[in-house]
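Starting off, we have a lone chain in the form predicted alone, written out as structure tokens.
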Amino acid sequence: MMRKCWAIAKKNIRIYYLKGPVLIFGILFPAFLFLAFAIGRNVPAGSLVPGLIGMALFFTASATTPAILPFETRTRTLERLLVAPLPLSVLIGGDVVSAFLYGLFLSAIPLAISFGILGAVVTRPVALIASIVLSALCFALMGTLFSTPPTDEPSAIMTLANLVRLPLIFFSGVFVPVSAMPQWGQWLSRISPLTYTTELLRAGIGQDVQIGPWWCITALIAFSVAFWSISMALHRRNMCRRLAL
């Protein structure tokens, strides 16, 4: 099963990493959004680090999985994969692995900027590593949830994904630390997995945090399990409708 899952992941890496929707919504869009916030504001460079890394992980890891199934539905390659025979869990698992690796790979760019240019210093390496690895997995699994509607239009799925992702970044501690938010904002922040990513990143570079690192780790694992369980249930329910398109 692991070999089959890796075969699916390699196929996705070769085909989908350079697709237009993945590049635009996974790399260019969050980069310009972050620059629009950071440029011209009197903000300490160190405070930008969690938001920079967090947004990179959030958008890149969740950009690949929503695009794969619509593309494969349109090109009629999904049927061939399902009659391989290939269990649906392995097919979706391969999509998650490719998105997870995509997030890890591209997170190296903001990490290099943070530590090489912005002067960030690692004080708690376990928290930093956990934030990157668990967040990449969590957001890749979130992407599988976005891909559950039975459609062969990648643009429709990407629009749906951004309807969820864009509101989340504004109350997840990306631009403003959770501790500096009003009380209602702090309550809202608890429902976003990105909140726990930014809090773990802040803990990793020695900044003050509102939520303890172990709570953040537990929350990211819980979100990952929930995303996988819900997305698999929805994919099983909608697969017949997808194949009928």
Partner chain sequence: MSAAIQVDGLTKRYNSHLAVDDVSFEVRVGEVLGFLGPNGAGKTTTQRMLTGVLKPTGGRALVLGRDIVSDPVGAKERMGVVPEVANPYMEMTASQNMAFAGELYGLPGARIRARSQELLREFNLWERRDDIAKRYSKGMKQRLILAMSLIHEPRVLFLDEPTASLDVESRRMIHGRVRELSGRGAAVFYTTHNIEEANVLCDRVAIIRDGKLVALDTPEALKSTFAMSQSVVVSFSRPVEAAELGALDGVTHVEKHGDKLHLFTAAPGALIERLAGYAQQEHVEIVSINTPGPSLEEVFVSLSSDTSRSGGPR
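This structure is a prediction, so every number in the text was calculated from the model and none was measured. Residue numbers count along the first chain shown, from 1.
Just so it is clear, the following notes concern the form predicted together with the partner chain, a form of the same protein that is not shown.
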Can you pick out, from L118, V126, I109, L81, the residue that has a heavy atom within 4.5 Å of the partner chain in the model of the complex? L81
Heavy atom within 4.5 Å of the partner chain in the model of the complex - residue from S89, S155, T75, N162: T75
Taking 4.5 angstroms as the cut-off for heavy atoms, does Y16 touch the partner chain in the model of the complex? yes
Taking the shortest heavy atom distance, is H235 within 4.5 Å of the partner chain in the model of the complex? no
Can you name the residues of 230-245 that have a non-hydrogen atom within 4.5 angstroms of the partner chain in the model of the complex? C240, L243
